[in-house]
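The chain below stands alone and is given in structure tokens; this is the form predicted alone.
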Amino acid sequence: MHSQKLGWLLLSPTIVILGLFGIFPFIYVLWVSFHSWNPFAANPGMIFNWAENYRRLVFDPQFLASLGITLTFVFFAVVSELVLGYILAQALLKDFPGKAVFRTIHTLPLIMAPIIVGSVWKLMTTPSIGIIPYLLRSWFGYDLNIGQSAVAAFTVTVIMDIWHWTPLVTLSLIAALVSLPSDPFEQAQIDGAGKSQIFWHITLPLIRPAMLATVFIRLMDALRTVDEVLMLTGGGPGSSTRYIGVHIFKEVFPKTNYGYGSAISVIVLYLTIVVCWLLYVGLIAPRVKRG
């Protein structure tokens, strides 16, 4: 009994912080989402409108378009980061000249704030001064202009996200790979298994928990991408890079439509939970049942 009280006493600061900075803001956003509220309008009060904001979402083509390009962005970014992260993790487990320098340079993007990443890529992709348009024009005769080409803008945002977050995937997979037992690999080599057989039947199943945890983290992070894309393209040209986080930002700040922006935030949170749950059910739960 005494140990239970001591346990709750030690947990109480965490519970208070979680309540203040996690649960209370969510309840407040949920409450605002059922109101029409523009604090800078002639009538700045909150007007309860039941589920009007949610009904509007279903028929809002701009929201649906943002959701579609966000899911496309997440798919290309997360899959590319997973593949590249695994290849780099395997490479960094081997010795080669300049390994320490490469590892340091490779990890640098991870410590940069998203808004700085967006600024750096803005400078690198501006047609008049950027190094990337200059090299593409010199080598391939291609004029890169993310202010005019929707495809180019979307592609650059995906590459920027890969550049920023692949080091996180690499570090996670290195930690998983170095902790693998050597016995199954030695036995497989004795039995004459090839590299692809060892990868599909030993390496991949053993690192699957770490890989899925990394995918969950990147998935949730990519779904709420705002700062770097807003800095690089501002959501344009048109709405080609108006991802859902950018869409919420533009609804809440320039338009000061707090009620509708809150409703979008709640729906995006719900979708994130559903996607993660589907991944868990599809990839982890069957293995847990098999024991």
Partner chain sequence: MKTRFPWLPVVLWTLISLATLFPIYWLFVISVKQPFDLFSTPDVILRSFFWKNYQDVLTNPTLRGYMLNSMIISSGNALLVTTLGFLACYALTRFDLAGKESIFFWTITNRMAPPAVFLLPLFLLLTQVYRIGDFSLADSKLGMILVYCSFNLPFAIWTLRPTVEGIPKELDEAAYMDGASPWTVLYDIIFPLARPGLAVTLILTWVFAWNEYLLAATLTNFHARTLTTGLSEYVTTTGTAWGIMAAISMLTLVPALIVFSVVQRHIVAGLTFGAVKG
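Numbering follows the first chain given and starts at 1. Values in this document were obtained by computation on a predicted structure and should not be read as measured data. Rigid core: the largest C-alpha set superposing within 1.5 Å between the two forms.
Just so you know, the form predicted in complex with its partner chain exists too; it's not on screen, but the next bit is about it.
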Discussion item. When the contact criterion is heavy atoms within 4.5 Å, does Ser128 count as touching its partner chain in the predicted bound form?
Written reply: yes
Fill in: Contact of Thr203 with its partner chain in the predicted bound form (heavy atom, 4.5 Å)
no
Worksheet item: Can any non-hydrogen atom of Phe75 be found within 4.5 angstroms of its partner chain in the predicted bound form?
Response: no
Fill in: Residue contact check: Leu278 to its partner chain in the predicted bound form, 4.5 Å heavy atom
no
Worksheet item: Taking Phe26, Val120 and Leu269 as the candidate spot, are all three within 4.5 angstroms of its partner chain in the predicted bound form by heavy atoms?
Response: yes
Practice prompt. State the residue from Leu136, Ala193, Leu180, Ala175 whose non-hydrogen atoms include one within 4.5 Å of its partner chain in the predicted bound form.
Written response: Ala175
Discussion item. By the heavy atom within 4.5 Å rule, which residue out of Met220, Leu71, Ile198, Val83 makes contact with its partner chain in the predicted bound form?
Written reply: Met220
Worksheet item: Which residues, if any, of 132-170 lie within 4.5 Å of its partner chain in the predicted bound form when only heavy atoms count?
Response: Tyr134, Trp163, Leu168
Worksheet item: Taking the rigid core as reference, does Asp183 move its C-alpha 2 Å or further between this form and the one not shown?
Response: no
Practice prompt. Compare the position of the CA of Val151 between this form and the one not shown after a rigid core fit and state whether the shift reaches 2 Å.
Written response: no
Worksheet item: Does the distance between the two CA positions of Gln62 reach 2 Å or more between this form and the one not shown, the core being superposed?
Response: no
